[in-house]
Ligand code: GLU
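First comes one chain, alone, set out as structure tokens in the form predicted alone.
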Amino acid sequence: MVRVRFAPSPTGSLHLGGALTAVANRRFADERGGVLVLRIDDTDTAREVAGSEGEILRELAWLGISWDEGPVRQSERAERHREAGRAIGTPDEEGALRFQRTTLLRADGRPTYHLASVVDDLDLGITHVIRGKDLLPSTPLHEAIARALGAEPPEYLHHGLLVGNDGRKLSKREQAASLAGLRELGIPPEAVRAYLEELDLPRGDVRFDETRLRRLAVEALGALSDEELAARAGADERLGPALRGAHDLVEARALAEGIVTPPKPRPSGSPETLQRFRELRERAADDVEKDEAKEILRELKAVGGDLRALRLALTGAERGPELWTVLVALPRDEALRRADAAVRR
């Protein structure tokens, strides 16, 4: 049976390139009826960031990536690593164990990445190691360590890296380079997953295309129900239709805030429109639906009502979501209060 692993280090939010590796491993396993093992490579304690493991698990769940076994933590297998290191390593003058000039065990007994990774791959029965090509130079060493331990190494597959416009590996300093940064930008997980799936298992490096990712974000938000869209924006479900034009969840939250926050009252240039609106809105239910809201607007237009003045009274802005969606979002009393405030001024 095919067995692959995803092995992030707990050094912060998952890098987008790491997420590409996770998606590639999940797809490789699924297409072959195999197993994905989640391993936490936490041997480098100096780089570890508190809380990162939990953050990575949540980010994988956010992306919709499940695993079949694990998480297995390398830090809990240190004795097994030391046993393997002693079997093939040669002591140096400082007390560390080396193999082919590479340190396997530090002088204090801590295993290095090279040893721990190979030993765990063998013990977990990993058949294919799918990882970024930045680790390609380590492959001959890893194969040699495996054979020295009396085992056949797994098959290594290396994919291209996500790079910036400068051709260098996408830096974590760039907001869109990490899943945490993408969440802050309001990119929905469906868009991130779709983007990574499109990349498949690239042979060469791929320039990160934020424009494409944002197009996928629009498509992903468009596929949500009104209720789900509102929930993602942290808004009441009745605001869902008003958020339809949002390009991302940041914009969706801003649209929602612009509706629920009462505008600063200012005198209306068309008080007669607002008076007629009051008459029509009073007759309707406390919460109106799409057809009822559109009917109110049709009747206002039929008598020459100024819909721009109505929008200003209700939202304080000249532009925004379709006006019927604002009527759906605002309860009757709140809509009338805002209209009356504009007339009184």
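In this text, residue numbers run from 1 along the sequence as written. Source: prediction; values computed, not measured.
The form predicted in complex with this ligand is left out here; the points below concern that form.
S.K.: Can you tell me if residue 201 lies within 4.5 angstroms of this ligand in the predicted complex, counting non-hydrogen atoms only?
M.R.: Answer no; every heavy atom of residue 201 is more than 4.5 Å from this ligand in the predicted complex.
S.K.: So, residue 9 and this ligand: in the predicted complex, are they within 4.5 Å at any heavy atom pair?
M.R.: The answer is yes: residue 9 has a heavy atom within 4.5 Å of this ligand.
S.K.: Even though this ligand is not shown here, does residue 41 get within 4.5 Å of it in the predicted complex, heavy atoms only?
M.R.: Residue 41: contacts this ligand in the predicted complex.
S.K.: With the cut-off set at 4.5 Å between non-hydrogen atoms, does residue 110 touch this ligand in the predicted complex?
M.R.: No, residue 110 sits far enough from this ligand in the predicted complex that none of its heavy atoms falls within 4.5 Å.
S.K.: Would 117, 131 and 135 all count as contacting this ligand in the predicted complex, using a 4.5 Å heavy atom cut-off?
M.R.: Yes: each residue has a heavy atom within 4.5 Å of the partner.
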